[in-house]
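So this first bit is one chain, no partners, the form predicted on its own, shown in structure tokens.
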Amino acid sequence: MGGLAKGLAVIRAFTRDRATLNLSDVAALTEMPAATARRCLLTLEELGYVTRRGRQFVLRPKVLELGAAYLESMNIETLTKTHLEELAGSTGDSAALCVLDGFEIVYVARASIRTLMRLEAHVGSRFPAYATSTGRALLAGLAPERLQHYLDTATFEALTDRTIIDPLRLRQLIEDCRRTGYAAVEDELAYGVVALAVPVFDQYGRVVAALNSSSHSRRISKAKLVRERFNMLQKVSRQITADLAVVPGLSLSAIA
């Protein structure tokens, strides 16, 4: 168990401001002997949680599996049920809360008024992050090194003839999301699906989830979706963050 504690301490040493660390950095931050820190890093590398670039180490997306497991275990669907149902009721469509797990987004809570004929998601559904509004909102919250790793290693496949798969264009869209506070897609994940997403932050300003509202592209255009629902989504996002932050042990910041 001591080894487990040390391994977790090494993972926690990486933050947004310390996304890349060398062995000496890790040893100093965790107050471990260099030899111990090295063994932890090599083990984490073997398990797929850390990768190295020369003498520098960075976290790999697999680390997000730990957070996703925690978020699912704390029954986030129940905690956000009212907010999502109210949002779905106001729009007449569906609303969902998603987290990033490796190269995919995972639905952890959902409410729906209208069924999308071509694509129906449910809690536990997974979709490629690059082709979804929630995925781009979550990717926009990554540190630059982690975003670059995603763009370098993810597989981009055209799911429709409108799916954007060029890494440079995707980076631009993710940067736009970081600047504007939202991401929107239309007919990229599946024909007929249009969706708008905003990030959900913890009390430290870190992106820990994404909230979306989706509809059918024949019913509403992407531009109109953004115009009519952006402020609504931002309000619900703030409410979810506030509610989770006051529940002991259930703050979303625990998975950041």
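Take the two forms, find the largest set of C-alpha atoms that superpose within 1.5 Å, and that set is the rigid core. We number the residues from 1 along the sequence you see. These numbers come from a predicted model, not from an experiment.
Just so you know, the form predicted together with the DNA exists too; it's not on screen, but the next bit is about it.
Q: Heavy atom to heavy atom, is residue 23 within 4.5 Å of the DNA in the predicted bound form?
A: Output for residue 23 is yes: heavy atoms within 4.5 Å of the DNA.
Q: Verify the contact flag for residue 39: yes if a non-hydrogen atom of it lies within 4.5 Å of a non-hydrogen atom of the DNA in the predicted bound form, no if not.
A: Contact with the DNA, yes.
Q: With heavy atoms only and a cut-off of 4.5 Å, decide whether residue 33 touches the DNA in the predicted bound form.
A: It does: once the DNA is placed as it appears in the predicted bound form, residue 33 has a heavy atom within 4.5 Å of it.
Q: Verify the contact flag for residue 55: yes if a non-hydrogen atom of it lies within 4.5 Å of a non-hydrogen atom of the DNA in the predicted bound form, no if not.
A: Because a heavy atom of residue 55 falls inside 4.5 Å of the DNA in the predicted bound form, the answer is yes.
Q: Tell me, please, which stretch of 194 to 202, 227 to 235, 214 to 222, 47 to 55 lies within 4.5 angstroms of the DNA in the predicted bound form when heavy atoms are compared?
A: Looking at the partner contacts, the answer comes out as 47 to 55.
Q: Which residues from 3 to 22 come close to the DNA in the predicted bound form, meaning a heavy atom within 4.5 Å?
A: In sequence order, 3, 6, 22 come within 4.5 Å of the partner.
Q: So that I can tell if residue 21 moves, could you say whether its C-alpha shifts by at least 2 Å between the shown form and the other one after the core superposition?
A: After core superposition, the C-alpha of residue 21 moves 2 Å or more between the shown form and the other one.
Q: Does superposing the core leave residue 231 with a CA shift of 2 Å or more between the shown form and the other one?
A: Comparing the forms between the shown form and the other one, which are aligned on their rigid core, residue 231 does not shift its C-alpha by 2 Å or more.
Q: Given that the distance between the C-alpha atoms of residue 8 and residue 126 changes by 3 Å or more in the predicted bound form, do they end up closer or farther than here?
A: Their C-alpha distance shrinks by at least 3 Å in the predicted bound form.
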